[in-house]
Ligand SMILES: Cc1cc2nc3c(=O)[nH]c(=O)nc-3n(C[C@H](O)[C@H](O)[C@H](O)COP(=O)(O)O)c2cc1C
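In the form predicted on its own, a lone chain appears below as structure tokens.
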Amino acid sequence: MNQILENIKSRRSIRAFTDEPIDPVDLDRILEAGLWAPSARGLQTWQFTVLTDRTRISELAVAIAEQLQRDPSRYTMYEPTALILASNDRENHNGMLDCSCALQNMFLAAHSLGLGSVWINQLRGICDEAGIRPILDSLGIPPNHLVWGMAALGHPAGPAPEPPPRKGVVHYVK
């Protein structure tokens, strides 16, 4: 089978990671995959903010949990060894779509390198809240940006889950 199609079909969301850090070369490869994603009108108004300090990742998780009124001891964003925040200019009406394409490229790149990944989307609706925006500012995310999604990355702590069956959702019109 085509290697790209096989990578797409075998990728799974991984929700448990080891403590082993990601090789910086591999992290750069993952980010490069995101940079080559399509963006509406080629504007590329996104920014990919990378956290590899688990303390900073945990602080962000606690702030998100508190904002969403969840138990901070249970909301950990799966304790990844790296977290990529994909943000885009709030005035770009395609910002979420552009970030989605970039994140998908990153997930596929991570999988091709033997790493696990999972999408986290809790920030998208709370970026401007008082308990969140100062943290985003401290991470260098521009004030005119919204975080549309995050990629939690790391070495899988176990086997990938089995794929769910695919539904018959393709409809051809002739």
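One-based numbering along the sequence shown. Everything quoted here is computed from the prediction, not taken from an experiment.
As for the form predicted in complex with the named molecule, it is not shown, yet the points below apply to it.
Note that among 116 to 124, 134 to 142, 26 to 34, 47 to 55, the stretch whose heavy atoms approach the named molecule to within 4.5 Å in the predicted complex is 116 to 124. In the predicted complex, the named molecule sits within 4.5 Å of a heavy atom of Ser13. Residues are counted as partner-facing when one of their heavy atoms sits within 4.5 Å of the named molecule in the predicted complex; in 70 to 109 only Tyr78 qualifies.
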